[in-house]
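Quick setup: one chain, the form predicted on its own, written in C-alpha coordinates, and binding and motion questions come after.
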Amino acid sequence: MFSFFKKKKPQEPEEGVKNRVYDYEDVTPLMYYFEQETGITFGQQKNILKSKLTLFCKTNDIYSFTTLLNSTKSDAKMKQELMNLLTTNETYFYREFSQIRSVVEHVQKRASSAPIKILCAPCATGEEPYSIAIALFEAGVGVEFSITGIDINSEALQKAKEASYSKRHMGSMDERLVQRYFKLEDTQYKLSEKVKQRVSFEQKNIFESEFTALGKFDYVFSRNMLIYFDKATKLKAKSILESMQNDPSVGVFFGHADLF
(Lines give C-alpha, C1' and ligand atoms only; values in the text may rest on other atoms or scores of the structure.)
Protein backbone atom coordinates (compact mmCIF):
# COMPACT_ATOMS: atom_id res chain seq x y z
CA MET A 1 0.00 0.00 0.00
CA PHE A 2 3.00 2.29 0.44
CA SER A 3 4.46 1.55 -2.97
CA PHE A 4 4.54 5.23 -3.89
CA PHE A 5 7.30 5.70 -1.27
CA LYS A 6 9.56 3.22 -3.02
CA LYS A 7 12.66 4.67 -4.63
CA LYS A 8 12.23 4.81 -8.37
CA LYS A 9 14.84 3.24 -10.56
CA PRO A 10 16.76 5.94 -12.49
CA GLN A 11 15.52 6.18 -16.02
CA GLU A 12 18.07 5.19 -18.63
CA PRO A 13 18.82 7.90 -21.18
CA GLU A 14 17.49 7.34 -24.63
CA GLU A 15 19.90 5.48 -26.86
CA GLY A 16 20.43 8.46 -29.17
CA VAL A 17 21.17 10.81 -26.25
CA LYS A 18 23.47 8.30 -24.51
CA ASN A 19 25.61 7.93 -27.62
CA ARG A 20 25.58 11.61 -28.51
CA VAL A 21 28.98 13.10 -29.29
CA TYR A 22 29.45 16.73 -28.26
CA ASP A 23 31.72 18.59 -30.66
CA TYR A 24 32.34 22.33 -30.37
CA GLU A 25 35.85 22.41 -31.77
CA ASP A 26 35.93 23.36 -35.45
CA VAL A 27 33.95 26.55 -35.96
CA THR A 28 35.46 27.23 -39.41
CA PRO A 29 32.61 25.80 -41.56
CA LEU A 30 30.07 27.90 -39.64
CA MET A 31 32.31 30.94 -39.91
CA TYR A 32 32.63 30.58 -43.69
CA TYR A 33 28.90 29.99 -44.08
CA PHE A 34 28.00 33.26 -42.37
CA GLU A 35 30.71 35.15 -44.22
CA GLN A 36 29.12 34.00 -47.49
CA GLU A 37 25.61 34.85 -46.30
CA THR A 38 26.31 38.25 -44.74
CA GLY A 39 29.72 39.40 -45.96
CA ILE A 40 30.84 39.76 -42.34
CA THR A 41 34.39 38.53 -41.77
CA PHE A 42 35.04 36.82 -38.43
CA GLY A 43 38.71 35.88 -39.00
CA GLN A 44 40.19 38.15 -36.34
CA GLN A 45 37.41 37.32 -33.89
CA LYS A 46 37.33 33.58 -34.40
CA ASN A 47 37.72 32.77 -30.69
CA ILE A 48 34.92 35.17 -29.75
CA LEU A 49 32.74 33.65 -32.45
CA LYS A 50 33.48 30.16 -31.15
CA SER A 51 32.56 31.14 -27.58
CA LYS A 52 29.28 32.72 -28.70
CA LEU A 53 28.30 29.72 -30.79
CA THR A 54 29.28 27.20 -28.11
CA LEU A 55 27.05 28.96 -25.58
CA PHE A 56 24.24 29.16 -28.15
CA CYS A 57 24.51 25.42 -28.84
CA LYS A 58 24.51 24.45 -25.19
CA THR A 59 21.57 26.74 -24.45
CA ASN A 60 19.56 25.26 -27.31
CA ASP A 61 20.60 21.61 -26.77
CA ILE A 62 22.55 21.47 -30.02
CA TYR A 63 25.39 19.04 -29.56
CA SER A 64 27.79 20.02 -32.33
CA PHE A 65 28.72 22.82 -34.69
CA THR A 66 27.97 20.47 -37.58
CA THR A 67 24.41 20.00 -36.32
CA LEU A 68 24.03 23.76 -35.92
CA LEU A 69 25.28 24.37 -39.46
CA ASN A 70 22.89 21.80 -40.94
CA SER A 71 19.98 23.22 -38.94
CA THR A 72 20.83 26.74 -40.03
CA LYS A 73 20.86 25.77 -43.70
CA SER A 74 17.45 24.08 -43.47
CA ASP A 75 15.66 26.19 -40.85
CA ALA A 76 15.01 29.88 -41.63
CA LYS A 77 14.14 30.63 -38.01
CA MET A 78 17.41 29.14 -36.76
CA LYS A 79 19.33 31.09 -39.40
CA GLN A 80 17.74 34.35 -38.26
CA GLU A 81 18.51 33.62 -34.61
CA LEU A 82 22.16 33.16 -35.52
CA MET A 83 22.22 36.35 -37.59
CA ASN A 84 20.76 38.25 -34.65
CA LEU A 85 23.40 36.78 -32.37
CA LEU A 86 26.35 37.55 -34.62
CA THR A 87 25.50 41.07 -35.77
CA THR A 88 26.15 44.01 -33.47
CA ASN A 89 23.89 47.07 -33.27
CA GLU A 90 25.46 49.54 -30.86
CA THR A 91 24.79 53.12 -31.96
CA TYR A 92 23.33 56.40 -30.73
CA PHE A 93 21.55 59.56 -31.91
CA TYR A 94 23.45 62.22 -33.87
CA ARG A 95 26.46 59.95 -34.36
CA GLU A 96 28.99 61.44 -36.82
CA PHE A 97 26.58 64.34 -37.23
CA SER A 98 28.72 66.28 -39.70
CA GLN A 99 27.57 63.96 -42.50
CA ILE A 100 23.92 64.40 -41.56
CA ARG A 101 24.45 68.18 -41.54
CA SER A 102 25.90 67.94 -45.05
CA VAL A 103 22.76 66.20 -46.30
CA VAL A 104 20.53 68.81 -44.64
CA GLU A 105 22.49 71.63 -46.29
CA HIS A 106 22.35 69.88 -49.65
CA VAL A 107 18.58 69.46 -49.35
CA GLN A 108 18.18 73.15 -48.52
CA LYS A 109 20.03 74.12 -51.71
CA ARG A 110 18.05 71.84 -54.01
CA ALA A 111 16.12 73.60 -56.73
CA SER A 112 13.67 70.72 -57.07
CA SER A 113 10.64 70.37 -54.82
CA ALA A 114 10.32 66.64 -55.56
CA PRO A 115 10.03 64.34 -52.53
CA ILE A 116 13.37 63.12 -51.14
CA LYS A 117 14.19 59.47 -50.51
CA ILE A 118 16.98 58.49 -48.12
CA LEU A 119 18.42 55.04 -47.46
CA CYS A 120 20.20 53.87 -44.30
CA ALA A 121 21.88 50.49 -44.75
CA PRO A 122 22.30 49.21 -42.13
CA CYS A 123 20.04 51.04 -39.70
CA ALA A 124 20.58 48.94 -36.54
CA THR A 125 18.04 50.01 -33.89
CA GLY A 126 16.94 53.13 -35.74
CA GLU A 127 18.99 55.94 -34.24
CA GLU A 128 20.57 56.99 -37.54
CA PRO A 129 17.46 57.30 -39.74
CA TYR A 130 15.58 58.98 -36.91
CA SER A 131 18.49 61.40 -36.42
CA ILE A 132 18.32 62.36 -40.10
CA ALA A 133 14.56 62.94 -39.85
CA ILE A 134 14.96 65.11 -36.75
CA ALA A 135 17.72 67.14 -38.41
CA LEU A 136 15.54 67.75 -41.49
CA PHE A 137 12.62 68.85 -39.31
CA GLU A 138 14.90 71.17 -37.34
CA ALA A 139 16.17 72.74 -40.56
CA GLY A 140 12.60 73.40 -41.64
CA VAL A 141 13.06 71.85 -45.08
CA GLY A 142 10.05 72.51 -47.23
CA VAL A 143 10.03 69.27 -49.21
CA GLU A 144 8.51 65.93 -48.37
CA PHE A 145 10.99 63.25 -47.37
CA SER A 146 10.99 59.58 -46.46
CA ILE A 147 13.74 57.41 -45.00
CA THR A 148 14.13 53.66 -45.41
CA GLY A 149 16.22 51.74 -42.89
CA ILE A 150 17.35 48.20 -43.65
CA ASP A 151 19.12 45.60 -41.55
CA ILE A 152 19.52 41.82 -41.40
CA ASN A 153 18.97 41.72 -37.64
CA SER A 154 15.25 41.18 -36.95
CA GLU A 155 15.56 42.00 -33.24
CA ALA A 156 17.26 45.31 -34.03
CA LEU A 157 14.51 46.20 -36.49
CA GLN A 158 11.82 45.46 -33.94
CA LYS A 159 13.51 47.84 -31.49
CA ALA A 160 13.78 50.44 -34.24
CA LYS A 161 10.04 50.23 -34.90
CA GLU A 162 9.28 50.55 -31.18
CA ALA A 163 11.54 53.65 -31.00
CA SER A 164 12.03 53.50 -27.25
CA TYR A 165 15.53 54.37 -26.04
CA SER A 166 17.55 54.71 -22.88
CA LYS A 167 19.44 57.87 -21.93
CA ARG A 168 22.77 56.55 -23.23
CA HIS A 169 21.34 56.33 -26.75
CA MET A 170 20.70 60.08 -26.81
CA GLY A 171 24.41 60.52 -27.55
CA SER A 172 25.41 64.12 -28.18
CA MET A 173 21.89 65.28 -28.98
CA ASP A 174 21.07 68.65 -27.41
CA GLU A 175 18.67 68.43 -24.46
CA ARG A 176 16.37 70.87 -26.24
CA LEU A 177 15.92 68.38 -29.07
CA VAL A 178 15.42 65.50 -26.65
CA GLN A 179 12.56 67.38 -25.00
CA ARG A 180 11.07 68.37 -28.34
CA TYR A 181 11.07 64.95 -30.00
CA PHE A 182 10.91 62.46 -27.12
CA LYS A 183 8.63 61.77 -24.20
CA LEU A 184 10.25 60.38 -21.07
CA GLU A 185 8.33 57.44 -19.59
CA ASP A 186 10.05 55.92 -16.56
CA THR A 187 13.60 55.49 -17.86
CA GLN A 188 12.76 55.25 -21.56
CA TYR A 189 12.62 58.01 -24.15
CA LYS A 190 9.71 57.44 -26.54
CA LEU A 191 10.15 59.02 -29.97
CA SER A 192 7.36 61.23 -31.32
CA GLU A 193 5.01 59.88 -33.98
CA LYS A 194 5.87 62.87 -36.17
CA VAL A 195 9.38 61.47 -36.65
CA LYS A 196 8.42 57.80 -36.75
CA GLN A 197 5.98 58.40 -39.60
CA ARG A 198 8.82 59.52 -41.89
CA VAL A 199 10.86 56.33 -41.40
CA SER A 200 10.12 52.77 -42.52
CA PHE A 201 12.14 49.61 -41.89
CA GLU A 202 12.76 46.49 -43.93
CA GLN A 203 14.71 43.33 -43.27
CA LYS A 204 17.13 43.04 -46.19
CA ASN A 205 20.59 41.72 -47.00
CA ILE A 206 22.48 44.11 -49.27
CA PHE A 207 23.95 41.19 -51.21
CA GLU A 208 20.54 39.83 -52.24
CA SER A 209 18.43 41.03 -55.17
CA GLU A 210 15.58 42.12 -52.86
CA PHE A 211 17.81 44.94 -51.68
CA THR A 212 18.38 46.62 -55.05
CA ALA A 213 14.67 46.11 -55.78
CA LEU A 214 14.05 48.92 -53.25
CA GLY A 215 14.90 51.32 -56.07
CA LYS A 216 16.92 54.53 -56.21
CA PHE A 217 17.56 57.04 -53.45
CA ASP A 218 18.66 60.67 -53.32
CA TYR A 219 20.98 60.02 -50.37
CA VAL A 220 22.53 56.75 -49.24
CA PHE A 221 24.04 56.18 -45.80
CA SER A 222 26.05 53.05 -44.99
CA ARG A 223 28.08 53.78 -41.91
CA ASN A 224 30.21 51.36 -39.90
CA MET A 225 29.14 48.25 -41.78
CA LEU A 226 32.10 47.82 -44.11
CA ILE A 227 34.50 47.50 -41.16
CA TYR A 228 33.25 43.92 -40.80
CA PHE A 229 34.07 43.01 -44.45
CA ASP A 230 37.27 41.97 -46.17
CA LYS A 231 38.54 44.19 -49.01
CA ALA A 232 36.83 42.31 -51.84
CA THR A 233 33.47 42.32 -50.01
CA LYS A 234 33.86 46.03 -49.18
CA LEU A 235 34.28 46.86 -52.85
CA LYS A 236 31.30 44.71 -53.80
CA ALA A 237 29.13 46.41 -51.17
CA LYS A 238 30.34 49.86 -52.29
CA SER A 239 29.38 49.07 -55.89
CA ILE A 240 25.90 47.90 -54.86
CA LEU A 241 25.25 50.95 -52.71
CA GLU A 242 26.46 53.34 -55.43
CA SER A 243 24.07 51.69 -57.88
CA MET A 244 21.19 52.75 -55.61
CA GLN A 245 21.89 56.48 -56.04
CA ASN A 246 19.78 58.82 -58.14
CA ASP A 247 22.75 61.18 -58.42
CA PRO A 248 26.17 59.46 -58.24
CA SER A 249 27.89 62.82 -57.80
CA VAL A 250 26.46 63.11 -54.27
CA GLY A 251 28.41 60.06 -53.07
CA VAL A 252 27.54 57.42 -50.49
CA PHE A 253 27.97 58.47 -46.87
CA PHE A 254 30.26 55.85 -45.32
CA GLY A 255 31.45 55.77 -41.71
CA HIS A 256 34.83 57.21 -40.77
CA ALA A 257 36.09 53.70 -39.99
CA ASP A 258 34.91 52.20 -43.30
CA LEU A 259 38.29 52.28 -45.02
CA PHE A 260 38.84 50.72 -48.44
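Residue positions are given as counts along the sequence shown, with the first one as 1. Computed from a predicted structure; not experimentally measured.
Just so it is clear, the following notes concern the form predicted together with a small molecule, a form of the same protein that is not shown.
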82, 124, 136, 147 - the one with a heavy atom within 4.5 Å of the small molecule in the predicted bound form: 124
Sole residue of 88, 102, 166, 179 within 4.5 Å of the small molecule in the predicted bound form, by heavy atom: 88
Interface stretch in the predicted bound form with the small molecule - options 188 to 196, 65 to 73, 203 to 211, 43 to 51, non-hydrogen atom within 4.5 Å: 203 to 211
Contact of residue 131 with the small molecule in the predicted bound form (heavy atom, 4.5 Å): no
Residue contact check: residue 220 to the small molecule in the predicted bound form, 4.5 Å heavy atom: no
Contact test in the predicted bound form: residue 118 vs the small molecule, heavy atoms, 4.5 Å: no
The small molecule contact at residue 152 in the predicted bound form, heavy atom, 4.5 Å: yes
